[in-house]
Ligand code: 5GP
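One chain is shown next in structure tokens, namely the form predicted on its own.
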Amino acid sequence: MIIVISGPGGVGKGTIVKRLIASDPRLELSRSWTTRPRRPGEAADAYHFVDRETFERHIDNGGFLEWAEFLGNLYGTPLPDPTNRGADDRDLVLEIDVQGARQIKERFPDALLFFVDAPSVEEQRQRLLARGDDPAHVQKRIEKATEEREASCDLGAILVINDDLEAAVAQLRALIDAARCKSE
């Protein structure tokens, strides 16, 4: 199963995904590529950080499940490496933006789509500022979030409000478990 977790910047997607992966050995995280620079304090393995030329060459070679440009930077989900999957039939988790979610849904109609959001725009703004984002960049992300929310509705993504981290993780786990039961 492919599980897509999208949502605007600053809503806690990364934290939620880390907790999900840590709590369920049947989940495997796909590490996205990006051309954006690493944020101060951001883990070196948060993304596969590359220059634009390398990213575009990977596009030309058909190396992505999906890719998109967001606020001037490229982001993409690499094709899974079959040698890393093993025989354990793990579910692939993609932490991607709504543009990418649309591409995945077109290629894999049975993909399970979630849209994580903050309880309010002001809370999202505070989270972005707290992680060190530039105030001008924060404003762009806030404006883009409105479009992302509308797009997620059009895709039929399941909305998860991250106002309590443990509750949000528990909600996602329950929904993933329910989807597994339906497919077995």
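Position 1 is the first residue in the sequence shown; the rest follow in order. Owing to the predicted nature of the structure, the values given are computational and were not obtained by experimental measurement.
Keep in mind that the form predicted in complex with this ligand is not shown, yet the notes after this line are about it.
- The closest non-hydrogen atom of residue 127 lies beyond 4.5 Å of this ligand in the model of the complex.
- Not displayed here, this ligand is approached by residue 148 to within 4.5 Å at the level of heavy atoms in the model of the complex.
- This ligand in the model of the complex comes within 4.5 Å of no heavy atom belonging to residue 93.
- Residue contact check for residue 48: none of its heavy atoms lie within 4.5 Å of this ligand in the model of the complex.
- Interface residue among 155, 27, 142, 68, judged by heavy atoms within 4.5 Å of this ligand in the model of the complex: 68.
- Contact annotation for 21-40: residues with any non-hydrogen atom within 4.5 angstroms of this ligand in the model of the complex are 32, 36, 39, listed in sequence order.
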